[in-house]
Every structure is written in C-alpha cells, then in structure tokens.
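You are given structure tokens for the same protein chain in two forms, set apart as structure 1 and structure 2.
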Structure 1
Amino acid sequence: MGPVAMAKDPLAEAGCYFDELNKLQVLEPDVSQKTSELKEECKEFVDKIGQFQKIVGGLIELVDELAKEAETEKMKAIGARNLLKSVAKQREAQQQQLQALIAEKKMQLERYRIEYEALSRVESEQNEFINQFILQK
C-alpha cells in the first residue's frame, strides 16, 4: 500500500472522507449522494405539494363562487315564488270583489226590472184610460 492509501484509511476509520472536489466530508460518499438525492426528492415533493395546494385553493374558490351563485339563484327563486303567491292572492281578492259587484249589479237589475214592469203596467193602464176617455167623447 502506498502512502496515500494509508493516509485515507485512518481518515475513513475516523469517519472522514474526501469528496470528488477533494473536500473533507464527514459522511461516506454513498450516504452523501443518497442524502443529496433525498434532498432533491424532498424539494420536488414540497414543490408538488405547493402546486397541489394552489390547485385545491383554486378549486375551493370556484366551489365557493358556485355556492354563492346557487344561494343567489335560490333567493331569486324564493322571491319569485313569494311574488307569485301574492299575485295569486291579489287575483283571488279581485275575483271576490268582482263577484260581489256582479251580485250587486244583478240585484240592481232585478229592482230595475220590477220597476220597469210596474211602470209598464201604469203606462198600459193610463193608455187604456186615455183610450176610454177619447172614445167616450
């Protein structure tokens, strides 16, 4: 064994190693490489989680918007239904008023018919009286 090999062994036994840039490292080169790979994978994982959170955040915003729109449409539908109910009640009240007016007008018509018949009898009696009076002269 050469002097360099012998120098590396005591360092390796002490837990020190040289990397590819001849820097002194505490970790074995394999462990150091695996640690770097794990660090990169963790960074990628964190980036993907960040992207996922953005996507989920956008989805939540979209769902909230849709919920607000649905609530607005629901309120409009309730308002329209209430308006229809009030219009139906108004029409029912108008119908009752018109039926009462019709009944009143029918009673008035009946009074006018009775009065007309009475006046027609009086006219007929007066015409008969006039005709008898003229014939007597």
Structure 2
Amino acid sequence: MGPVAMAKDPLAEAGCYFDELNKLQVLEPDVSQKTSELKEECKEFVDKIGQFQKIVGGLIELVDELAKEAETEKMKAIGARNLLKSVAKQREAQQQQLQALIAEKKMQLERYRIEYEALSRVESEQNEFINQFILQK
C-alpha cells in the first residue's frame, strides 16, 4: 500500500482502490478491512448472544421448574398443615365423643355401685337374720 500511497495513486485520489484480488473497489482498503472485521465480530457477537440466550433459556426453564416444584411443595406443606389442624380438631371431636361415652359408662358404673351396695346390705341383713335365728334356737 505504501508505494501506492506514496505514488499518490490517481485512482486513490478519485476514490477508487484495488484490493488484494486486484478488484476495483470504492471503499478504502483499511475501512473495508475494518468493515469485514466488524462483520466478523458482529457475527461472533450474534453467535454468542444466541448461545447466551440458549443458556439463559435453559436457566429460566430450570428456575421455572424449580418454582413449580417449590409451589407444589408449598401446597403440600399448606395441606399438611391444614390436615394437622383438622386432625387436632378431629381428635378433639373424637375425644368429645369418647368423653361422652365415658360419662355414660361412669353413670352405668354408679348405678352398678348402688346396686352392689344394696345387695351387700341385703346380704348383711340376711346374715344377721341367720345368726339371730341360730342363736335363738
């Protein structure tokens, strides 16, 4: 290029240049080179961006999945907590039922106790009577 520039190429003055393949071109050779470099870089950039996007997409998907999983786990936890609460309530109800049954049985026991006492009294009365009877004879 040196000699050309040095020679002050009239073509160059006219704004025309030859490239390496000796084809005529309007753009200055270093601009053209830079352009092509830029193009290359741009392509690279696009590729990278594309890759990045892919990676990010994967990440998002992963995070989404995680989120979903977390959500289900959360629901499960809520459910379990509710269940726990209801079990407590159920137990309470069951306890209440059992209490009622126990109260009933206690009443029955009390009735039996009274009956037993009455029978014991009858027994002692009869024993007394028998003793008296034997003594008098």
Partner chain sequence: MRLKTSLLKEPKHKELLSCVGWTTADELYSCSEDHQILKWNLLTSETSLVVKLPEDIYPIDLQWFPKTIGGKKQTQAEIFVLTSTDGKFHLTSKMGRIEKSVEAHKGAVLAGRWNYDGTALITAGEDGQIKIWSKSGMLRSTLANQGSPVYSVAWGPDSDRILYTSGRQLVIKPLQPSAKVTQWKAHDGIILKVDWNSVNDLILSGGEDCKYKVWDSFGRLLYSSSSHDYPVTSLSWAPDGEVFAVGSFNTLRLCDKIGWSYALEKPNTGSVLSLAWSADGTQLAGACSNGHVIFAHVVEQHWEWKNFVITLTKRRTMQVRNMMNDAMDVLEFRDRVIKTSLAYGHLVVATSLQCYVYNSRNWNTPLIFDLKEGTVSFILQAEKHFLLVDGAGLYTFSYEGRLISSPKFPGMRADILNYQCVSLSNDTIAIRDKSDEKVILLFDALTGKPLSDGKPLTHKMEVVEIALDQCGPSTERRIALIDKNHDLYLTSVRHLGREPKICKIGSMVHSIAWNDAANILCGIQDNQFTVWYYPSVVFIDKELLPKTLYIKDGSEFSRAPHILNYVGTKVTLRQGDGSLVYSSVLPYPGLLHEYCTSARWEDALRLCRFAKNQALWACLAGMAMAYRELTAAEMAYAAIGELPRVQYINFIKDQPSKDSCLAHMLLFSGQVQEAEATLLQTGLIYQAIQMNMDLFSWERALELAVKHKTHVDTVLAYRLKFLQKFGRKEKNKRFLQYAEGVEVDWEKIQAKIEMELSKEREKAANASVRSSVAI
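Throughout, rigid core stands for the largest set of C-alpha atoms superposing within 1.5 Å between the two forms. Residue numbering: sequential along structure 1, first residue numbered 1. Note that this is a predicted model, so its numbers are computed, not measured.
Of structures 1 and 2, select the one representing the form predicted alone. Pick structure 1; the other is not the form predicted alone.
Chain position at the hinge linking the two rigid parts, options 40, 48, 111, 93, forms compared between structures 1 and 2: Hinge position among the options: 93.
Query raised in the report: Whole degrees only: how far is the smaller rigid part turned between structures 1 and 2?
Result: Turning angle of the smaller rigid part: 17 degrees.
- With the core fitted, just quote the Cα shift at residue 129 between structures 1 and 2, in angstrom to one decimal. Residue 129 is displaced by 4.2 Å at its C-alpha.
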